[in-house]
Every structure is written in C-alpha cells, then in structure tokens.
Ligand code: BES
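A lone chain, given as structure tokens: the form predicted alone.
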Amino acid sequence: MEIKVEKGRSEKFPCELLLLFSFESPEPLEGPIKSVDLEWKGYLSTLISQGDFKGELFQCRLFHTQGALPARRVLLTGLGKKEEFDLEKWRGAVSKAGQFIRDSGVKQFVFQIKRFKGLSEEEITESFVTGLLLGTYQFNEFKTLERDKIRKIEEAALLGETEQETSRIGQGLERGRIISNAVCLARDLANAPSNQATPNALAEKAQEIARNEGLGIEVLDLSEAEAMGMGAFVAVAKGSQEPAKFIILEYNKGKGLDTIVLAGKGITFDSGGISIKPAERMEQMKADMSGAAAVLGAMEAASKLQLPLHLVGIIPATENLPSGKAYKPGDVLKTLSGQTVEVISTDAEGRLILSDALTYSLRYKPKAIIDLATLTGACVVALGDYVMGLFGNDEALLKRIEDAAAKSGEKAWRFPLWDEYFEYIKSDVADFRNVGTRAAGAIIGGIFLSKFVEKTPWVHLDIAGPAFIEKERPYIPKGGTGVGVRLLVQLLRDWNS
C-alpha cells in the first residue's frame, strides 16, 4: 500500500472514499467530520441523531454521497466513549476501518489528520499508519488458487491543511511505516513454514538487513560454535540435518554509545526432540523462532530510525528434532559459561540455546540485555495469549520495559525471580537441571536464564502466549503476530530521554 501526504481539506478533496471517525454519541462532532457535516448540510449529524450511526468502538458504516461531496463515499468509524479513548483504541479503530475498506473492494481512500485529545499530528499519524498497515496485513505468499480474489488497498492519502501540518504528518508517517514494516517482517518469518524459514534463511535475512542498513554481521556455523564452547547450543542443533546458525548483528559499533543486546530464541521448528511433543498443534511450532523474528525486526527498525544506540542482535538458530545424533534426557552439557546442565527434557531447548547466547552477549559489556523467547507453555497457562511474561534482575530496566509496553500496547506482566525458586532446578550430577517440577514453570525458565547474565541488567520476555494466535484482534490477524518488535523499538526510542 502506498501512503502519501497531501495538502487539502477533507470536505473539498475528491476521492473514492473519505474516512471519518466519531466518538460515541451524544458527543458533539469535531474536527474533519464536523467540517464534512457542514458541507453536507447536516446529513451526518442527522444520521447520528436518528441512531443510524452511534459511534460505538469499531462500528463502521458506509454512505454514498450521491454527488453532495467531492468524495464518492464516506466511511464513518466509531471511536467509542471519548473519556476511554487512547492510542491503542485508535490503532484498533483505524485497523477496523482499513479492513472494511479493503474488503469492500475500494482501492483508494483519504483521511485528514488533525490534532485531538492532546495528541500531536506526529503521534496521531504514527498510530494511524501502524493500525492501518498491521490491521490489513495478510500472509498469502504460498496461496496459488484464486489469487485474483485477494483484495488490497492500493493507496491512502493523509491530508494536512498547512505546510507545517503536512511536514509533521510526513514525519509520523515515516516512523509508523518503518515500525509497521518491521512487525510485518517478523510476522512473515513466524508464518512461513519451517521448510522455508530455516536457520539458514534467518541468516540470509539478517545478511540482507545488514547490507541494506550498513550493519555489521557475523554468522557462525555449528563447528565454529562448538570450537568456541557453546555446548548447549550445539547439543540442541545436532539432532537436525538442517545446518544451525549463530547470528550476530551489530549497529553503530565503535561510536561510544550505550550498548544494548537483543537476544532472540531462533528454534525454526520444535518437535520437542527426544521428549517429543503431542501431534496436536505441532504445526504451530514453526513459530518457535518468534523471538528471533522480533530481534530482526527491531534491529531493522532501529537502524532505519537512526536511533543513537549501539545495538547487538544475537540469534541462536536451529531446529529441535529427534534423531540418532540428538541430545537425550540425562545428558550433561557444558555451556559457554563453563556451567554444566543436566538435561531432564529435550523440549526445554530454548533456554539451552539462549544460555550460550546470553553468555556470548557479555563480551560486549552491555548496559542491558533483553531476550525474547517462546519459552514456556506455563506462561500461556498463567497469562493467556494476550500478555508477555516479564522477568528481570534490574528494577530500572524492568520499569523501562513496563513503560514501553504501556506506550506500544504490547502488554507485559511481571513475575518474581526469587532465589528460592532455584531449588527447583538443583541437580545431583551437574550445576543445575534444565527443568524443575510442574510448579512455577515460567519462573523456572527465567531463573535458569538468570544464571548466564552475571550482574548485567537483564530482562527476559516470555512471548509464548501472544507470539502466535488463533483468534484475530483489531490489528493483529491470526497466526504470527510480530509481538515484541514495537515494544523493543519504543524502549530503544525512549532510552536516552
């Protein structure tokens, strides 16, 4: 979809469809919808007073203008109660409007950006573009039948009345487009089948981002990782014939900026290994690399936004499959940190590959480490599929994450990491086990990872619930969601503020 900025007023602008928003009645009309209503001789206010449009959240109603306006059609979309309005509802309302326009077959529409509810043109535009692009996202790459029936919006125009307005709208548009494209990249990777989104494919995507954005990149193969001492990552990778890759992306190296490491679990398919999973819904395990996808998206967005930080993206990428070479329950692994782990379940492989990634990240002496992983089913049991589990060892960093979650609309809820929980993973034959009992499963995953970050400020985001969903939400279709990208980008944007 091409989105452009033009100078004009909604009631005077010729177009296929004019998009308007209204709060729930009896709120008075304001902004562009009021101007259009005056031009239309009170037609819209009459409809609203008669109850034909109530302005309820996400309500959409299409009207043909019959030549009364330069626009051929007007779409009214509800924002709900004015006192409950926020940017999350704005993104949702825009997405519902975009889906309505797309499904109606209209190819082009116009919307006028005006300040309201104390929000600037940049904020309104960025969230508008985010809601529109993420709400109309479709994953159709592998469909071959009836492709001519796939509907898309081809063009949207955002109107400003003055040069100053159009300039600010343009800035918001660019930021919204960059962030949305990064989320869509992560969604595409999570939705792609595992025979396409292999560890090597992740490495190739990282190399493409590095080329396009001028990032540094290093990709280690399995023999190099083994020679380095990554015993946990290597053990998981040996069960698959698909070559594993340990990917390191670096942005703004050597510029004296704060260093932040983003680490993402990159299991491109998870059968559970020898501790094999049930067959039901195993096909969704193609999305077990959603943490890696989020890191790639965030690194791309941060570089395009030219954020003043030194960022390192680390992605241990492999499949987890059973074979004659696969690691087994009862094995003892020596990690890159030198600590040893007794394997109790080969289906707790994410924490193993991340243990070596976290240890590797310490060589950059970062101000903070943030890892994202579809780590535990226990986190889904605790929080459902709306919320990320939040764990960490540094109060200030945890608070930064919570603030970024609130701004981005990507919810995160904090769990404790008290020392007592370590009792669950004490081992008789190694330093610790990779799983404990059934109790506190999500916390045990976090406790395990905490043993590999030393005293560095660190946060772990368990995204197992919201990474891949079966019921769509306003601007999040079914399937891979790209969760974590917007939260990370918001965190990085606010880092120096």
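Position 1 is the first residue in the sequence shown; the rest follow in order. Please read all numbers here as calculations on a predicted model, not as lab measurements.
Separately, the form predicted in complex with the ligand exists; it is not shown, and the next lines address it.
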| property | result |
| --- | --- |
| Residue stretch of 125-133, 206-214, 310-318, 371-379 approaching the ligand in the predicted bound form, non-hydrogen atom distance within 4.5 Å | 371-379 |
| Among the candidates Q108, S345, S104, S427, the residue which, in the predicted bound form, approaches the ligand to within 4.5 Å (heavy atoms) | S345 |
| Selected contact from D356, E410, E300, E349, since only one has a non-hydrogen atom within 4.5 angstroms of the ligand in the predicted bound form | E349 |
| Partner proximity in the predicted bound form: R115 to the ligand, non-hydrogen atom cutoff 4.5 Å | no |
| A464, heavy atom within 4.5 angstroms of the ligand in the predicted bound form | yes |
| Proximity of I48 to the ligand in the predicted bound form, heavy atoms at 4.5 Å | no |
| Close approach of K82 to the ligand in the predicted bound form, 4.5 Å, heavy atom | no |
| Complete contact of V5, K12 and E165 with the ligand in the predicted bound form (any heavy atom, 4.5 Å) | no |
| The ligand in the predicted bound form - contacting residues of 284-318, heavy atom within 4.5 Å | M285, D288 |
